[in-house]
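To begin, one chain is listed below as structure tokens, in the form predicted on its own.
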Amino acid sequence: MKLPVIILNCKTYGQVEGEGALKMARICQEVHDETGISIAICPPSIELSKVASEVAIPVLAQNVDTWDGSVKTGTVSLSAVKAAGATGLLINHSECRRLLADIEALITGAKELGLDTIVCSNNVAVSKASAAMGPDMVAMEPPELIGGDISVTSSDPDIVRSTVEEVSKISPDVKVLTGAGVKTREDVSKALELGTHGVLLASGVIKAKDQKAVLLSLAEGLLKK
């Protein structure tokens, strides 16, 4: 995945149900094509295959289950999201926490399949522990700011800066993203100034009246790098 990057997590917002997910993915593709900025999308799981077949930008799974290879009902496996066209996955989002053993198993399995891994973290300690497992990226998102109107880059820049420093000590190959409250191009630009390689965001784009205009504005924050 080309860096710096904007990763858009669609979650399960009503705006991305049914055809809404493909509409959002096409907007992401258009903004990428018009600006050259790297953008990835995490559609609802039920729309993953459809979205991946229609756009060229990276498509990531919002969540994947650990799986022992036996036949099960309702399990979303790494091989299934790979077959559906996903190029990577989110792990341990604050709304879908995982045990450390599960995080490690998913990172290991994803590497075997050539899938990118972004491990979400709520503090510096978890970021360090995650980095030691060797994901491609760690995304710092203080949960109390997720979905809010105050960006972590302005409310607590030290936690972003510390995460970048500590993750680099563990593994320089692991890149850091930040999120939670990121809604403006200034928030994105500040994230890069603090040493991160992009942002993970959701509501600021998904719930916007003009989603493309907002995403274009956010992309300008990366263009200023």
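Everything quoted here is computed from the prediction, not taken from an experiment. Residue numbers run from 1 along the displayed sequence.
Not on display, but discussed next: the form predicted in complex with a further copy of the same chain.
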Using a 4.5 Å heavy atom cut-off, which stretch among 155-163, 65-73, 189-197, 173-181 contacts a further copy of the same chain in the model of the complex?
-> 65-73
Taking Glu17, Arg98 and Lys128 together, does each of them reach a further copy of the same chain in the model of the complex with some heavy atom inside 4.5 Å?
-> yes
In the model of the complex, Ile46 touching a further copy of the same chain (heavy atom, 4.5 Å) = yes
Leu89: touches a further copy of the same chain in the model of the complex, heavy atom cutoff 4.5 angstroms = no
Taking the shortest heavy atom distance, is Val81 within 4.5 Å of a further copy of the same chain in the model of the complex?
-> yes
Spell out, yes or no, whether the shortest heavy atom distance between Lys50 and a further copy of the same chain in the model of the complex is within 4.5 Å.
-> yes
May I ask you to list the residues of 11-40 that have any heavy atom within 4.5 angstroms of a further copy of the same chain in the model of the complex, in sequence order?
-> Lys11, Thr12, Tyr13, Glu17, Gly18
